[in-house]
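Just one chain follows, in the form predicted alone, and it is written as structure tokens.
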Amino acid sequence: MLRYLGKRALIYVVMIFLTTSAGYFLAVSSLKPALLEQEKIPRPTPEQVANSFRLLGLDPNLNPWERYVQWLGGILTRWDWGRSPNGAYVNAEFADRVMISTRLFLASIILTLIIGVALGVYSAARQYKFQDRAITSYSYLVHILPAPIAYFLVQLGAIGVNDAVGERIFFVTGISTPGIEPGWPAFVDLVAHYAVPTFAMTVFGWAGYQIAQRQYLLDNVNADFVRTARAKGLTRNHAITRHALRVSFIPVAQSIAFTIPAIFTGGFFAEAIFAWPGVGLWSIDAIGKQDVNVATAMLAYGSVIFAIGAILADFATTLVDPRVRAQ
């Protein structure tokens, strides 16, 4: 299994390099931060802009290949992803923001997967009963509800709870309270800020897993190997959980490769509504400012997240599918 995962990881490393390199050439050819600098008041001369960008390693007079070699050399020798047109270092900005996004999304990703699969199994075992219809109807409703509206409704609900209690229990925006004392008060404050966005992303995120797991499980409930297990004395629920679930979880596990990067890279809705300054808003802002290095760094980050999700999906597949281990 480790050999198989190692080969897959090597493929993903090559994929990340090629994707990032292609993204850099696209960014450096289409994003022109020097043009934005020339629109400032008082308007600088082209020579002043070129000299300023040259000091930042963003010389607009170099061709794309020369800039790529300079940029790649900085990464390979110093792990330096360059600087933004405003002079900020990409490494420092990214490190701060990626921790914020990770804090925001990690718990919701884990809860989404566990709850979605569990409810999918629960509803499939009770096909067409009230519990199945209620859970599945909710999942389909969530699918057609835009994320910004869903998060805003949760935000209003948290505000309503605060008003009903008469004091602030949940924070609906921000990541912490300025000036909070370290220790237990800081922990309580963190939970109060963390609860609402995590709840919102979880209750509106597990629907896809629930629908997929339910459908795949129902496709295998009446398979020959399940009927054989029941003929040997297993109850219907035991046959489902011990045999059908193992097979039906394979396509769900493979979908992890796409779900994890989608949550991370598409989380700018949650970051915008709950005012968490993570990588999602940072990447959108970078494109508006024509920031080549940040745009490329975010593309590389998205590729790495996809690779991590794919490796986790491969690992989960090897656990439930003996054919992969045999190969």
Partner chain sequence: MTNLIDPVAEIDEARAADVVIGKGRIIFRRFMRNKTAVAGLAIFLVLFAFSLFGGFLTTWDKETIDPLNIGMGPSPEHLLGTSQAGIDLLALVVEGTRVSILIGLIVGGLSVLISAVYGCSMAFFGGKVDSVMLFILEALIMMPAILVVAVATSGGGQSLKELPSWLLLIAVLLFFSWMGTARLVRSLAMSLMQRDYVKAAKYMGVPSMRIVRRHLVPNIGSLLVLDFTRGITGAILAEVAFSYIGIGIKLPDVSLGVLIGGATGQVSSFPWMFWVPLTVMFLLTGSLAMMNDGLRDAFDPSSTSIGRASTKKKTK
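This structure is a prediction, so every number in the text was calculated from the model and none was measured. We call the rigid core the largest set of C-alpha positions that still match within 1.5 Å between the two forms. Residue numbers count along the first chain shown, from 1.
Same protein, other form: the form predicted together with its partner chain, not shown, and the subject of what follows.
Asker: Should A9 be counted as a contact of its partner chain in the predicted complex, where contact means heavy atoms within 4.5 Å?
Answerer: A9: no, not in contact with its partner chain in the predicted complex.
Asker: I'd like to know if I287 sits close to its partner chain in the predicted complex, meaning any non-hydrogen atom pair within 4.5 angstroms.
Answerer: Within the cut-off, so yes.
Asker: P60 versus its partner chain, in the predicted complex: is there a non-hydrogen atom within 4.5 Å?
Answerer: Judged by the heavy-atom cut-off of 4.5 Å, P60 is well away from its partner chain in the predicted complex.
Asker: Does L18 reach its partner chain in the predicted complex, with heavy atoms at most 4.5 Å apart?
Answerer: The answer is yes: L18 has a heavy atom within 4.5 Å of its partner chain.
Asker: Please identify, from 152 to 160, 84 to 92, 114 to 122, 69 to 77, the stretch that has a heavy atom within 4.5 Å of its partner chain in the predicted complex.
Answerer: Of the options, only 152 to 160 has residues within 4.5 Å of the partner.
Asker: Its partner chain isn't shown here, but in the predicted complex which of L299, L56, I260, A50 has a heavy atom within 4.5 Å of it?
Answerer: Checked against the cut-off, the match is L299.
Asker: Considering its partner chain in the predicted complex, which of G174, P251, P148, P185 comes within 4.5 Å of it through any heavy atom?
Answerer: Looking at G174, P251, P148, P185 one by one, just P148 meets the 4.5 Å heavy-atom criterion.
Asker: Can you confirm whether I110, S137 and L312, the three residues that make up this candidate site, all sit within 4.5 Å of its partner chain in the predicted complex, judged by heavy atoms?
Answerer: Not a single residue of the candidate spot has a heavy atom within 4.5 Å of its partner chain in the predicted complex.
Asker: Rigid core superposed, CA of A295 - does it shift 2 Å or more between the shown form and the other one?
Answerer: Shift of 2 Å or more: yes.
Asker: Return yes or no for R236: a CA shift of at least 2 Å between the shown form and the other one, with the rigid core superposed?
Answerer: Yes, shifts by 2 Å or more.
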